[in-house]
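Listed next as structure tokens is one chain, alone, in the form predicted on its own.
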């Protein structure tokens, strides 16, 4: 080997925005491994250039990961050390790397985590919340039915998810339709020049972003609620669906029991499979 690093796969967290948010240990690893497996070599090259690191880059994005895994395993068998990085933040947290890490462990090599930046934890460190626990689900589903089902199943959780700026307003409008009083925290462009953190009711966040810039990387935390009417309805709907009742029949029954407009219940029925 060309250096003193142990032959292993080093999972290295890199900055989520500000390039100074990287540990000394991470820089040392990136300088001294033989290869860096990068989600996008162009993005990683910017980081390496800033710190005068000349380690060889090899592409390892989600579309090529399965095909490249044997290549990296052979490098380890030859005694090389490898750093795995994503475009930003920590690999395997809504980023590629799971296939490679699993195979490396199967082959008996070490996987060594090099901790650092993560967008979800960065947001959590800057917002108040009454309960310490939270649930992270990566990117929230795109389908309306799946979004509502996800929220229904986690209504009492501090629910953290990623979303793209092009879909954020639509996603928030879907959630607001069924949970109009939900409070949400939005972290946009965290650690960057135009960093923004907003905490408010969903409807106020929607109105804000209809009139303000909505670009960049986004992480959200939907605040936990106590047990709600919608949660009770969801539970009852699922029970009645198991009896093979039609959605209109379910809506009629529950509208009487809960004293809620049957059309609103019917729409909720349509979103629960």
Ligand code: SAM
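Residue numbers count along the first chain shown, from 1. Keep in mind that what you see is a predicted model, and the values were worked out from it rather than measured.
From this point on, the text means the form predicted together with the named molecule, which you will not see here.
K.L.:
Report the stretch among 146-154, 181-189, 168-176, 126-134 that approaches the named molecule in the predicted bound form to within 4.5 Å, counting heavy atoms only.
P.N.:
Every other range fails; the passing one is 181-189.
K.L.:
Tell me, out of 104, 88, 160, 114, which residue has a non-hydrogen atom within 4.5 angstroms of the named molecule in the predicted bound form.
P.N.:
Of 104, 88, 160, 114, the residue with a heavy atom within 4.5 Å of the named molecule in the predicted bound form is 88.
K.L.:
Contact with the named molecule in the predicted bound form for residue 69, defined as at least one heavy atom pair within 4.5 Å: yes or no?
P.N.:
Flag for residue 69 set to no.
K.L.:
Decide whether residue 26 counts as a contact residue for the named molecule in the predicted bound form under a heavy atom distance cut-off of 4.5 Å.
P.N.:
No, residue 26 stays farther than 4.5 Å from the named molecule in the predicted bound form.
K.L.:
If you check in the predicted bound form, is residue 95 within 4.5 Å of the named molecule, heavy atoms only?
P.N.:
Residue 95: contacts the named molecule in the predicted bound form.
K.L.:
Though only this chain appears here, would residue 80 touch the named molecule in the predicted bound form if you measure heavy atom gaps against 4.5 Å?
P.N.:
Answer no; every heavy atom of residue 80 is more than 4.5 Å from the named molecule in the predicted bound form.
K.L.:
Mind listing which residues of 202-218 have a heavy atom within 4.5 Å of the named molecule in the predicted bound form?
P.N.:
Heavy-atom contacts to the named molecule in the predicted bound form: 217, 218.
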